[in-house]
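Quick setup: one chain, the form predicted on its own, written in structure tokens, and binding and motion questions come after.
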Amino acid sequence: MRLVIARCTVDYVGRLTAHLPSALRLILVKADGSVSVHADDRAYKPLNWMSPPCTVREGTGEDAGTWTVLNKAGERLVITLEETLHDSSHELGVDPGLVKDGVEAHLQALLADQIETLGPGWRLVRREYPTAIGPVDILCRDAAGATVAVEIKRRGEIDGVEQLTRYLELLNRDPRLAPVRGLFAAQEIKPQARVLAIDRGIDCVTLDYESLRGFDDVDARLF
């Protein structure tokens, strides 16, 4: 990871245009190729970002101090550094991924054992399928044999959709698996998370924990 604190302007050119005027900001360039620009507020959410895969070109000569971040869709994030206060790189290594709480871990195990809850003819490939940025909860195949990556949460929020999006970007680079579609599964899915998932072509399913435990007929509702 590269960490830069600098006074900069940021311009995004893609599906729309956006401009961040000059201010001190934190810029993160991660090993997965993502670039994000942060202010000293807004919790974890960046002001602007570019998801992987993308390339970063640092200008030289007259363009020195200008970073151009380009993704596969042709969108550009142009960061113009006016004053750099800090610039360092750190090797973080492979992250073991988020440790699920008891309910999420149990949901994962139950759904893996009852994968046809998601549809007749579905079959499990593997739980905790490894990727460079952490394991996918469940990798399975639907009745047509297509690969599906399932991310499981107790409460489905936007960060869970973002996490699944990152997994899908990596999995779809593997010709043995591609095309891979996503399924976001939770006991409760927040409306904003559902809207974001639908926008990204990710299906959503609500899970009934008690039913999966065998207290009633298995119940999963696909939206």
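One-based numbering along the sequence shown. Think of the rigid core as the biggest set of C-alphas that the two forms share within 1.5 Å after superposition. Please read all numbers here as calculations on a predicted model, not as lab measurements.
The same protein also exists as the form predicted together with the DNA; that form is not shown, yet it is the one meant from here on.
Undergrad: Select from the listed residues Leu177, Leu47, Ala186, Leu170 the one whose heavy atoms reach within 4.5 Å of the DNA in the model of the complex.
TA: Looking at Leu177, Leu47, Ala186, Leu170 one by one, just Leu47 meets the 4.5 Å heavy-atom criterion.
Undergrad: Please identify the residue among Glu75, Asp87, Glu83, Asp113 with any heavy atom within 4.5 Å of the DNA in the model of the complex.
TA: Filtering the options by heavy-atom distance leaves Glu75.
Undergrad: Heavy atoms within 4.5 Å of the DNA in the model of the complex: does Ile158 have any?
TA: Result yes; Ile158 sits at the interface with the DNA in the model of the complex.
Undergrad: Is Leu139 close enough to touch the DNA in the model of the complex, meaning at least one heavy atom pair within 4.5 Å?
TA: Leu139: no contact with the DNA in the model of the complex.
Undergrad: Is there a non-hydrogen atom of Ala64 within 4.5 angstroms of a non-hydrogen atom of the DNA in the model of the complex?
TA: Heavy-atom contact with the DNA at 4.5 Å: absent for Ala64.
Undergrad: Taking the DNA as it sits in the model of the complex, is Val148 near enough to touch it, meaning that at least one heavy atom pair lies within 4.5 angstroms?
TA: Output for Val148 is no: heavy atoms all beyond 4.5 Å of the DNA.
Undergrad: With the DNA taken in the model of the complex, which residues across 133-165 come within 4.5 angstroms through any non-hydrogen atom?
TA: Contacting residues: Ile133, Glu151, Lys153, Arg154, Arg155, Ile158, Gln163.
Undergrad: Once both forms sit on the same rigid core, is the C-alpha displacement of Asn71 at or above 2 Å between the shown form and the other one?
TA: Where the cores coincide, Asn71 still shows a C-alpha shift between the shown form and the other one that is 2 Å or more.
Undergrad: Could you tell me whether the Cα atom of Ile202 shifts by at least 2 Å between the shown form and the other one after core superposition?
TA: Superposed on the core, Ile202 moves its C-alpha less than 2 Å between the shown form and the other one.
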